[in-house]
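Shown here is one chain on its own, the form predicted alone, set out as structure tokens.
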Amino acid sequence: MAKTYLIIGASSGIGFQIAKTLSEDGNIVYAVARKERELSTLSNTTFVPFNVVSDESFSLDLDSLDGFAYCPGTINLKPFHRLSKDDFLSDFNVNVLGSISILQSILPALKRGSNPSIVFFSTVAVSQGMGFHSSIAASKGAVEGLTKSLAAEFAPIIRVNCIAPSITDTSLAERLLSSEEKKLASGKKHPIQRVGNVEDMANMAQFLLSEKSGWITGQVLSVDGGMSSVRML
């Protein structure tokens, strides 16, 4: 039976791949982004224009909603002394406040869904303490805290989980992976010897949104090539 999903940040990268994976399975997908881009190529998918930073309020008239994935992110890597208050606020607005605003507006529809599930995205930098990541780690750390708090509050009706990737080959990370040499060097820092790809993240998101993960909630799942738990000799 087809389910109904809302994907925020769906026009590129991980968000697009999640929308693509879910739509190819015959589900109904509402894809929210600033620009439509390739979303028009997906079946069963409705594009909803919205900017999580500048648009004031989100509204979508749905009787019920079975899953919600919030995919917008930032990579603002600077030495701490060069980060301004506005840098921290900008990261927090995109990663935390944007998700809160949308989730509050769709919560009634989620409560009427079938085994509804929420998926957020964090970063391996929260657990590993990486230099130059203080702004993004601060906001994504808040996402992890929000995940666990909402999992407790929404149980047993709505499950809430979070994916914590390491660096993934998307347009967001383009500056860090702008050549094959950079990709290879970054990949060698991981036990699996490669950087992540959008399929890695979308497959985990699809699992968490589905009933196959029906006994999983309040978890931060590392999809990071082993970086957070494995040490190479």
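From 1 onward, residues are counted along the sequence shown. Values in this document were obtained by computation on a predicted structure and should not be read as measured data.
The same protein also exists as the form predicted in complex with a small molecule; that form is not shown, yet it is the one meant from here on.
- For the three marked residues, Leu62, Ser117 and Asn161, no heavy atom of any sits within 4.5 Å of the small molecule in the predicted bound form.
- Taking non-hydrogen atoms only, Arg37 approaches the small molecule to within 4.5 angstroms in the predicted bound form.
- Taking the partner from the other structure, the small molecule in the predicted bound form has no heavy atom within 4.5 Å of any heavy atom of Ala151.
- The shortest heavy atom separation between Ala69 and the small molecule in the predicted bound form exceeds 4.5 Å.
- Contact check for Ser99: every heavy atom lies farther than 4.5 Å from the small molecule in the predicted bound form.
- Only one of 103-111, 152-160, 84-92, 70-78 lies within 4.5 Å of the small molecule in the predicted bound form by heavy atoms, and it is 70-78.
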